[in-house]
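Read the single chain below, which is given as structure tokens and is the form predicted alone.
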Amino acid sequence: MKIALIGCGNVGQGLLQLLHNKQAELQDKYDFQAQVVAASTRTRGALYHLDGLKLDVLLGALAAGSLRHYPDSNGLARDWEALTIAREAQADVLIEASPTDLQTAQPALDICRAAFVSGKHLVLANKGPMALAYHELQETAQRVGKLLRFEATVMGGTPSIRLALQALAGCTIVEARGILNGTTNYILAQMELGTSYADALEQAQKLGYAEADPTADVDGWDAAGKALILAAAVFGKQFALDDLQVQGIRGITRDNIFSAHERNETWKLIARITPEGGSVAPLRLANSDPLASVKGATNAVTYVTDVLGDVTLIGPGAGGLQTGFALLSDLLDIQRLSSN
């Protein structure tokens, strides 16, 4: 499988590490051989080689800070634009793992379109295209006869999409609700231990959970983007961000935390979606609720079904290696379906 990788941050590098470290296992168990022919970054260069890039050398160049550290060789092209790679790279699959834009989904959305036009399967970690143009991309994939996979867009490496669409097939899901942002869950958990909001946010930033500008996390927009994807995937509804009621956690105080604790309740930032609409807001959950026990940067989702009742999935919702695993699982799914 020839792969073009757009975005070599923590998630892209997590996938590269898995492909490198698990090479023999993937070949023995799944007859899967990956050849990364292109790697693109926004500020640290890009590489393309038809015969594939050496993964250990590629990871070393990224660790050194720039793809310019990757040595020259015959046939190696440098500094192709991401859109050029999507259009012209000879690859079976394009992976879009660049930073998310929930306002326009660009430039990732145009890259996705170009990948389909040029005959590539598409795998996404970038939430923007799926949140804003889910149905367009699904219809395009079907029209051109290519596969679209996006497990990494919700709950990192924990298979929330696959659970809803495959494992729960035959059930009617009437609601999805969950903890879809690990940063805010970590902050609220630290506040339960007596830490102030400001100090908990600073800790989250030091640990790499929160960005220097934490707005997308703490104001609920990251969770809202994931809720849009669940709405489209599970219910076939293409809502916009403006359709959701979105509130973050900035207003939660230690007094709020203590008051909930006295009543055997726990504050969580909960994204909720139904066929009629959705919301993101901090809620007080009874400690008996499975979501109330989810601590740290862990994510969770509860699907409310007609046959099984509530089904809750808990697992890692962030991390380069963990989200890189979601990309790998999608690649294996594409290989399985393509070979049938």
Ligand code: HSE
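We call the rigid core whatever largest set of C-alpha positions still superposes within 1.5 Å between the two forms. What you see is a predicted model, and the numbers here were worked out from it, not measured in a lab. The first residue of the shown sequence is 1; numbering continues from there.
Keep in mind that the form predicted in complex with ligand HSE is not shown, yet the notes after this line are about it.
Novice: Looking at heavy atoms inside 4.5 Å, which stretch does ligand HSE contact in the predicted complex, given the options 247-255, 107-115, 143-151, 219-227?
Specialist: Partner-contacting stretch among the options: 219-227.
Novice: Using heavy atoms only and a 4.5 Å cut-off, determine which of 210, 269, 124, 187 is in contact with ligand HSE in the predicted complex.
Specialist: Selected residue: 210.
Novice: Quick check on this chain: which one of 97, 180, 130, 86 has a heavy atom within 4.5 Å of ligand HSE in the predicted complex?
Specialist: Exactly one listed residue reaches within 4.5 Å, namely 180.
Novice: Any of the heavy atoms of residue 317 lying within 4.5 Å of ligand HSE in the predicted complex?
Specialist: Yes, residue 317 lies within 4.5 Å of ligand HSE in the predicted complex.
Novice: Please state whether residue 201 has a C-alpha shift of 2 Å or more between the shown form and the other one, with the rigid core used for the fit.
Specialist: Yes; that C-alpha moves by at least 2 Å between the shown form and the other one.
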